[in-house]
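Okay, here we've got a single chain as structure tokens, the form predicted on its own, with questions on binding and movement later.
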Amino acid sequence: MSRLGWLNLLLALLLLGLVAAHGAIPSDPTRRNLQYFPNMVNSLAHEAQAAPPVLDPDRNIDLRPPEGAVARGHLPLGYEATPEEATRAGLELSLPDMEDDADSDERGAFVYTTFCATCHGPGGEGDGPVTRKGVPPPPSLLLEHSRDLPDGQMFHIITFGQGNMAAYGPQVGRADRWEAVRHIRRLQEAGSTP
């Protein structure tokens, strides 16, 4: 038998001995457990906003991120939620170059169906299921006004909302909002103006 085989046999016998010893020792549920690391059991508690003993006394435990820090994956857009900013976004933003393939089409359709079709309807005509429940119908995305909206302005409207439309920026990622714009453009190409 090789050296590794002997080592494995020795470890197996040791484990068996430990299991047998554990079973042989009677347990008393009324007795407290042994504390191997008492500092972990009885740790020093600090008040949330108190000065910690190990740091500079002028600092508190609430260590916030530095001013201007940006969370990973949440780059600022640089626009406000106003009609003027929507117009500016229409002039400055354009549909990014993305793969125009079946995966992109499928993703855009998924995002549109999940977030937009409830109000705008499956074909973009403003006849979504919520309009049958008393919600004022949105304008058709197939009308000339919607067709004439620049891609950046449409992206701004999806991000910040407009009129009765809620803002979807917090719920839908930036790339998915662009996929929704692409899908709306496909609906406009395929549909006819009512």
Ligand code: HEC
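Predicted model, so just to flag it, every value in this text is computed and none were measured. We number the residues from 1 along the sequence you see.
If you look for the form predicted in complex with heme C, you will not find it shown, but the lines that follow are about it.
- Screening K133, R31, R64, H145 for any heavy atom within 4.5 Å of heme C in the predicted complex leaves a single hit, H145.
- Judged against heme C in the predicted complex with a 4.5 angstroms heavy atom cut-off, the residues P76, A89 and F160 are out of contact without exception.
- Mapping the unseen interface onto this chain, N164 counts among the residues with a heavy atom inside 4.5 Å of heme C in the predicted complex.
- For P129, no non-hydrogen atom is located within 4.5 Å of heme C in the predicted complex, even though that partner is not displayed.
- When contacts are judged by a 4.5 Å heavy atom cut-off, T118 counts as touching heme C in the predicted complex.
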